[in-house]
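For reference, the chain that follows is the form predicted on its own, supplied as structure tokens.
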């Protein structure tokens, strides 16, 4: 049986290193938007969130995984702990932490909010899911909502009185939002009457707040087909009428039984079975997807953080297990009377742990860099900096969503492997985290969709303008690494890999411009993988430069062994990434460039 032990969820030392030694997050306080903050105010949020995550939220993960929500008498009943958990998360201030004072916010950088959120996700990602969805819905109403929606819906979402959802997917459409069929009929009072069905609606009903607001895609009667005919509506489960709220003809048609994320219900919802489902237009008619992309892009970064957090908590667990689990003896030791060695002494276990470390800490670095670009894109005082950050943010978002999900699943599988037979049992937690991780490559746009988005839109937009920005950033990092004394071959390898990626992008873009769209996009998944390897190599080189600087400081100050060990571990992980992953870039580029067509020419009846 498993022995409960405290799990730090994420390494505080690594978080502080990434925030202040690699990124210099405190420099964001020079921006007017964040001028009231400092490292001290960042610490207040992070310390309170870490404490809540470890002491309150983490102990509820296993009970919520074992007792998923149930559907009774037309309503969803979630785990009874959620009422106090949600109130506690709201009290942390995370719903409004990044928002301006006029909507009750503290106007903290997204970079700091992302780290705080990651602790909660690592503790219990299903519980955090309600908060993350509500924040996205409220922010969407803040930007695009009418005064009525902001007063009656947004304010309650931000105060934590209600929760929110994204209601996009339909049974017949899946990820193809151009095929949305839910109808919206104008009503004399200025609202609309909705009819249709939605599926996989996370948090679509619960019993710990008074209401749920669904940000819903629908087609106004008479609208054109395709995505340009889709509008966005706010549809509450219970609508306001005077001083009361009445049922709004939003029915739960069923609960989807998931292998992971068991604390957050995924539902089928029917709107307007009695022709009395009221919805309010958000933004302009026919611009629903344009509005929704704000919440979807925020959600993609949130999914990337989910991936990092779920891989991180499993890495911390497997690391602790490897240090305490005795098994076997060193190679060549034949004396069975000799005490067994902890399995971390076995080279293959260290191999698996190092790969986990490279994925987890590389993924966190990627997400924090993406979040920093979002802070600059939204709050830099000059337009040129904002535009530059937007370009890099757009380019990084599909990578930041996908890498932690795909490689995070591999990292979670390694955590299970390190636990051996115990890992393959429900008495230990790695199998549950493995189940949770798989969803991250599916929701908010599958890996295949992210590859199409990166190659088909983001990388080639503006003649490759985002690639020019990335090239400048990479060259700044390699210059810093060389100045710090980092192994020069790593900087050379990164610059070469990026040049291969850039030239490949131009070549594939030219094929698309010539009408050879299939040839351009055939290996978009490999293109995404290639850019993921390069982007994470960039962030590992930045960590190596900071680690070298840290070792120099330690030598001058006589810092303790723990600091030196931390920095040496960073350099070993960087070495690993450049030795094992970066050499894959030429092969991936070759697949994209040659258009290897085995699967493309495969007929359905050949399988």
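Residue numbers count along the first chain shown, from 1. What you see is a predicted model, and the numbers here were worked out from it, not measured in a lab.
What comes next is about the form predicted together with another copy of the chain, which does not appear here.
You can rule out all but one of 136-144, 295-303, 514-522, 477-485: in the model of the complex, only 514-522 has residues with a heavy atom within 4.5 Å of another copy of the chain. The shortest heavy atom separation between residue 260 and another copy of the chain in the model of the complex is within 4.5 Å. In the model of the complex, no heavy atom of residue 150 sits within 4.5 Å of another copy of the chain. Although the partner is absent here, residue 329 sits close enough that one of its heavy atoms falls within 4.5 Å of another copy of the chain in the model of the complex. With a 4.5 Å cutoff on heavy atoms, residue 179 counts as touching another copy of the chain in the model of the complex.
A heavy atom within 4.5 Å of another copy of the chain in the model of the complex is found for exactly one of 175, 378, 185, 106: 175.
Between another copy of the chain and the residues 70, 565, 27, 66, the one pair within 4.5 Å by heavy atoms in the model of the complex involves 565. Although another copy of the chain is omitted here, in the model of the complex none of 78, 113 and 290 has a heavy atom within 4.5 Å of it.
Contacts of stretch 406-432 with another copy of the chain in the model of the complex, defined by any heavy atom lying within 4.5 Å, are made by 409, 413, 416, 417, 420, 421, 422, 424, 425, 426, 427, 431, listed in sequence order.
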